[in-house]
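The chain below stands alone and is given as structure tokens, in the form predicted on its own.
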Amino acid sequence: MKAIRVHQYGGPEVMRLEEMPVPEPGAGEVLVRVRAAGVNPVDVYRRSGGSGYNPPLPFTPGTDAAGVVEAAGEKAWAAAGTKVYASGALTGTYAEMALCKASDVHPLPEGLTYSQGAAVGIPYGTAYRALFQRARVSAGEVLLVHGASGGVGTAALQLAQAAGLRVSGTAGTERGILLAQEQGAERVFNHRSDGYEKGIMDWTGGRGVDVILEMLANVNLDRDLALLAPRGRVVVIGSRGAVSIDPRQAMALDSSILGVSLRNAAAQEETAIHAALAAGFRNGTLKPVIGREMPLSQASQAHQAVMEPGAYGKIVLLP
């Protein structure tokens, strides 16, 4: 089988398309023939070896995918031929085949393409965990999603709208603003415009927002604290460096800064996440947005694209 391999940490150029033996599933494992693999910023961090993500070398990147079970070991729930999406992989998903724990594969919801299935694991899992398990949002609260046009952002907009929140977002391009509006945002602000924060406060009548989902905390966190309503929460989903803040802003409003990482979810929380997502896909409130489909051989270009400003939906690789 063909697979992307990383033999040393570094830039996108360290990824190479190579021939690899097909793995065999053991007990509680399944072998998935990958039809689409999701590209996430965390894949970039692992490839570069930074930010505490240092998988042993060599390795195949990727945790998200969708495809068909090729073979199943004993005690695996999914039989050969089952259409699934994966939220984890033992051998990496940037490949024609991926070995997965059976607990990390889930039935591909009816009506979803393989590319959409590859956009579920990290984006929707992170958005759900941030909203419901960390911020513990309630219907009627006001939400601001920074980076609302990306994979996690669009997922968060859909989930929050379905839960009865009043939803807004930010994006950096007209195309991204339009997408966020299409996904249910009542208002979308261009975060590249000077003074966009005033527009957010004006929209809330000066009260501020209850919850902010933050994709780039090193740029926005201090400003986020000034946008919160009393007892508001900022959930940090992404950051690319350190940041200085004024703690008095949090003290004055009894506000909270919450970190979120999907890998910290307990088994029971993971079960809850995928049960809730399955319900949302069944009733049509959730639908992944695919921005770009790229061949597996262009994994390097995909890693460059996923870190560029102006995110638009999900980037997936097609083996």
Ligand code: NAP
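Each residue number is its position in the shown sequence, starting from 1. What you see is a predicted model, and the numbers here were worked out from it, not measured in a lab.
This protein has a second form, the form predicted together with this ligand, left out of what is shown; the following refers to that one.
- Annotated contacts: Gly147, Gly153 and Arg192 all touch this ligand in the predicted complex [non-hydrogen atom within 4.5 angstroms].
- This ligand in the predicted complex comes within 4.5 Å of a heavy atom belonging to Ser261.
- Although the partner is absent here, Thr93 is not a contact residue: none of its heavy atoms lies within 4.5 angstroms of this ligand in the predicted complex.
- With a 4.5 Å cutoff on heavy atoms, Gly310 counts as touching this ligand in the predicted complex.
- This ligand is not drawn, but in the predicted complex it has no heavy atom within 4.5 Å of Ser138.
- Residue in contact with this ligand in the predicted complex (any heavy atom within 4.5 Å), chosen from Gln183, Ser87, Ser168, Thr126: Thr126.
- Residue-level contacts in the predicted complex: of Leu108, Ala72, Met215, Val188, one residue has a heavy atom within 4.5 Å of this ligand, and it is Met215.
- Looking at 230-238, 203-211, 100-108, 73-81, the stretch with residues near this ligand in the predicted complex, meaning non-hydrogen atoms within 4.5 angstroms, turns out to be 230-238.
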